[in-house]
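Next up is one chain by itself, shown in structure tokens, the form predicted alone.
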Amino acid sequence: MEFDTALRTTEFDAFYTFNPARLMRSTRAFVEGFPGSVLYAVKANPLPQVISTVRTAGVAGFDVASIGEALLVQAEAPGARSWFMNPAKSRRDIERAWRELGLRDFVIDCAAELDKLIEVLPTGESSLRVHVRFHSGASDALYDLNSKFGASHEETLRLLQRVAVQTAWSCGLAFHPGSQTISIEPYLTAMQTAARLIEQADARVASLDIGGGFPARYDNMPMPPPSALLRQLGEFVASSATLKRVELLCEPGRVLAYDCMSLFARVILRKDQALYCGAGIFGGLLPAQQFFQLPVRAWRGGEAIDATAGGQREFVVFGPTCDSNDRLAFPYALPDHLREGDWIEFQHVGAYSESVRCAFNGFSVDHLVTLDDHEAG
């Protein structure tokens, strides 16, 4: 479906746009700037078009958290390498990942998970690598992931030793400072910890995965482009004799994909300063109920409305469902003359929109328009 056709239709009240050229540029820039190998975190946006685009743009492989994600990568990027970087996996999925899908890279953060790997996987297979995920310490990330995963310093050393003594597998380390980490300090602090662990371990550590969490830009979070952060990471690695010896990995998702998609939601009702539109927190705008204020633009008659004409006012924005929680967290400044039938374009929904939406109350966003690079949206 063409973009103009979608704007003029009356058959549905919400649709996505996808800009592959934008995703290609952001991914290439990140790959070129990171001093190691970049894995795309499939959970951020599992659309087949996204998988194929980031692969073309040069990612080294994919960070998968489930067999479902691994199968998606196999289907959309045949021959691409996947890393199974979820610290809590079923025995069934470990077995299938190894036997059927050929995955060689796993992560653990406790003895019980290592026990499972040793019982399920061939301990004499030297192509396997196990990363021990350690607690990375305090972070300014909006979504803290250390409360769920991460071994203590002492436990990390014990797990590395067990891998070295009980198997022929190679060892790695991993950490994750959390999603939308807004400064460089949590990465550098955790990398310093990793260097100490490598020096203290009774095992050769071959790799370090510094996770994802690289910040994206939203209206209430005007983050700079990632180039400065990546440059600091590179300088830190270059200054560390220990870290220069290991393979460096990362798992970005949000920072690559966030601005490659918009969600267009039709205004279906206006009540004074309240707008009810064709998509809400269940239909792709969950991030806008949490921490993020999305850039927005209004459309009418197939054209973007001039934001400076006719004045603006702040609106409360609701989704179409009967749930009173279906409300965006921030007010949005939109043209004062907005009315039923107009469209609101919510930009920067490329990350954690498609992957977490559902069809609650029967409302769903089922249409995707792929844009040429020169098209709006």
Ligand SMILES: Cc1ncc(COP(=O)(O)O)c(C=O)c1O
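Everything numeric in this text was worked out from a predicted model, so none of it was measured. The first residue of the sequence shown is number 1, and the count goes up from there.
The discussion below concerns the form predicted together with the named molecule, not included here.
The contact with the named molecule in the predicted bound form, taken as any heavy atom within 4.5 Å, belongs to 180 out of 180, 82, 262, 156.
The single contact residue among 150, 284, 253, 186, judged by any heavy atom lying within 4.5 Å of the named molecule in the predicted bound form, is 253. When contacts are defined as a non-hydrogen atom within 4.5 Å, all of 63, 176 and 212 contact the named molecule in the predicted bound form. Partner proximity in the predicted bound form, defined as non-hydrogen atoms within 4.5 angstroms of the named molecule, places exactly one of 317-325, 51-59, 35-43, 330-338 at the interface: 35-43.
Contact annotation: residue 110 falls outside 4.5 Å of the named molecule in the predicted bound form, judged by heavy atom distances. At least one heavy atom of residue 145 is located within 4.5 Å of the named molecule in the predicted bound form. Using a 4.5 Å cutoff between non-hydrogen atoms, residue 352 counts as a contact of the named molecule in the predicted bound form.
In the predicted bound form, at least one heavy atom of residue 133 sits within 4.5 Å of a heavy atom of the named molecule.
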